[in-house]
Structure formats: structure tokens, C-alpha cells
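There is one chain below, alone, in C-alpha cells, taken in the form predicted on its own.
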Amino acid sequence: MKFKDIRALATVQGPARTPSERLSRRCYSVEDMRRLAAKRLPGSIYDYIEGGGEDEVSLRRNRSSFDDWSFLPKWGSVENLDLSSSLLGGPVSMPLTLAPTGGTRLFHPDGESAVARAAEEARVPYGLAHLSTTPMEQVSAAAPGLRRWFNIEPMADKAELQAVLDRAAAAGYEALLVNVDCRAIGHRERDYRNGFTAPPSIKLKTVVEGALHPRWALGFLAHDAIAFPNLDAEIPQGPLSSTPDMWRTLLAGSYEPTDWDDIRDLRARWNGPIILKGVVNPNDAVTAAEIGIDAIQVSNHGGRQLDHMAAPLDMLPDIVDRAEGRLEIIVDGGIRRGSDVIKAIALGADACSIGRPYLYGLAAAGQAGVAHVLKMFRAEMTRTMMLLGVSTIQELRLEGRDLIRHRNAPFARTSPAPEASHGLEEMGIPS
């Protein structure tokens, strides 16, 4: 090769000038973001994101369930490819939402505000957890154009419930995400072995982990103490506070007994959309539709609650069939690729929701990390639809069952058409 040819091939890449540019050169998948988050976080904090209940069977099945489905691309033109859709009566730039996650400032000091700004930029909804570490009003101020949903549990105390609803409505939250899978806290053995607490307690192990992760430790120490300000029905005054008795009650696994009558009461009290989060039983989907619930989130809480609980994707086809279009269906659990989202939409979901993937991004690089995760999902969805032969989300929903196949499903073998069979026999080839 001549020198001039070598010179033409040589490229010099300048230093990355922004966090986004650094991530674009280093992280090409959610798995890459996970590895980076694992390096940035103390082990006990990272395990809080990663862990599941008991033997973590549900956690593993959430992921492996997507591997059971294969694409059957169709040939034809793909024109004006568009990921945009609608969800709960409003626009979304792609069929994806950010699920509520508790304790978010444990992973990065900007916490929920950073997540909200990234979601606003990507034009996807964000569900703020009841156990968020940032007041709901502060999140609203950080991302005023964001479609904000608020996450609560059913409450037997109706005065307390109404106070929370009034506060959420005043802060501009358009929908409620209601957990129906938290009657007790799952047995999260990683956290017990690590001695994990929220807020973190100061002990020898905490000090050692902080020293080994100085960037995380400096961010943690330089900002307000971790608290859970949305547990208070009224807006907290002064320093952020949580309700210690309620937090201890949640950790102890006790709960206020509630049933479908409480969901009906909630439906009467809240004027906006309601999503029941944690539905995996098709019968519950039917009941939710009958009492006027707008959507369900098919979820097993990321495998963190009842172990051996069915994986959401495994139950999705049955739930779609039983719901008969009477409510919208969101799916979470094990989603790590844009192709996972496309599989769920093909099976009848209206959207998917992610939790751990955006937390990896937050832990790795704050708002820029969350934004990078969402950009990767958008790119992967676009590429998958192009290769699948689908131009729009609506087309995917209409034709999805013909474009995907479960590994245990038998092939539908059809006999050749009479004309084709006759032609083969004339050539001496058995049909």
C-alpha cells in the first residue's frame, strides 16, 4: 500500500467534549451502560438496582422470555418510518415510558429531576415513584413540558388518599400509576446480605465502599440527605423529610388491607387516567376494564416482589385477548433492547416501560446517561422496524401477530396450490 493510501485511511479522533459524546463512543447497548454503572456505584447500591426477590427466578425469566420469540420479517417497501404513537390520549415520540423507581438520588445526586429532563427531551412519559427522593413539585418545575404520571399504592385511609391526589393534581400530574403488587415488600436477599438501608446508614462497610467510589461518595455527601418527601400528604416545609413510621411499615412488610372497592373509589376520586401496575392475571385485566380503569401495566415489579411470578411477556397474549381493546396495555420487565419493545407491540401491547436501563444511565452519567439510553432504544426500534418491514407503530399493531413466532409454536405447513403442485409433477418432482 502506498503512503498516500495509508494517509487517506488514517483518522484522528479528537477528545470527547461532552458526556453525551463520551457515551456515544463508549456505550453501544444497555449492557454497556450496566457495566459502567457497576463501576460507578458502591456494590450495595448497585445490588439494590440489580436484585430481585428470593432466588430471583422471576428476575431471570423476565429477560429470557424475550428470547422465546423470533421475528418473521416481511418483504416490501418501508417508507416514512415513524415511531410516534399515542398513549392515554396524548402523544408519545415512541411507545416507551419510564417506570417509577424508588430512591433514585441514591444513584446520582440529580436523581428524579435528571430523569425527568431526559424524558421531557425524548418526549416520553415518566412515572414518579411515591418513594421518590425528590418532591413531586420539584420534578414538575424541572420538566414543565413532561407528561408526568404519579405512582401510589391503594390506601384505606381516604383522607390521606385525597390529600395525596390533591397534591399530585396541583403539581400537574396527568395520570396515576397504582401499584397492585405491593401488599408486602419482596424478600430481597441481596439487600439483606449487604446490610442495605435507605437512606444509607453510616457504618464501616459504607465508609469503605465510599472510599472505593469517591465520585459517588462526593456527590452523595455534597447534596441534601436522602429522604422520601412524597410520603407526606402535604408539601414538606423546610429540609426534606420522609415519614419514618410509614417507611418502617413498608420495610416490615405490613400493609393496609384494600380491595377492588378501593380501586373503584379511586376511580371516582381521580379525574385523569389510571393505570393499574402489577397486573399479570387476565381475570384482573377484565375486572379493571369493567370498572373503568384506563390502562394496566403488565408487570411483576421487575422480579422484586413475588418470586416465581409469571413473566409479563409470557402473559401478554392472553391478557390482550381477554381485554378485547377495552383498556390500554403497557408492559415492563426484562426490556433491554428496542427489539424487545417491538416484540411486545407485535404481541398487542400499546407501549413498554423501562426501569433498570435508565437507572444504569443515571448512575453512569446523570441526565446525559438517561438521554443516551433513550437514544439507543429509539435507534434500535427504528432499525428493528426497518428490518422487519414495518413503517409505523400502527402497522406493527395491526400485523404484529403475523410477524412474530414463539419457539414452541408449530409451523403451519400448507399444501402447494393445485397449479404449483401440477407443475412440479410435470417436472418429475414429487409435490
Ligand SMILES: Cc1cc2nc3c(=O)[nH]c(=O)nc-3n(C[C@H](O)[C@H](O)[C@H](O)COP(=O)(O)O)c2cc1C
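Numbering starts at 1 and follows the sequence shown. In this text, all values refer to a predicted model and were calculated from it rather than measured experimentally.
Heads up, the form predicted in complex with the named molecule isn't pictured, but that's what we're talking about next.
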query: Contact test, all of Tyr48, Lys277 and Ser299, partner the named molecule in the model of the complex, heavy atom 4.5 Å; finding: yes
query: Options 114-122, 133-141, 100-108, 268-276; stretch whose heavy atom lies within 4.5 Å of the named molecule in the model of the complex; finding: 100-108
query: The named molecule: the contacting residue among Ile293, Ala168, Ala285, Ile354 in the model of the complex [heavy atom, 4.5 Å]; finding: Ile354
query: Single option in Leu313, Ala129, Ile342, Ala349 placed near the named molecule in the model of the complex, where near means a heavy atom within 4.5 Å; finding: Ala129
query: Arg304, heavy atom within 4.5 angstroms of the named molecule in the model of the complex; finding: yes
query: Distance check, Asn179 to the named molecule in the model of the complex, heavy atom within 4.5 Å; finding: yes
query: The named molecule contact at Gly334 in the model of the complex, heavy atom, 4.5 Å; finding: yes
query: Residues within stretch 135-159 having a non-hydrogen atom within 4.5 Å of the named molecule in the model of the complex; finding: Asn151
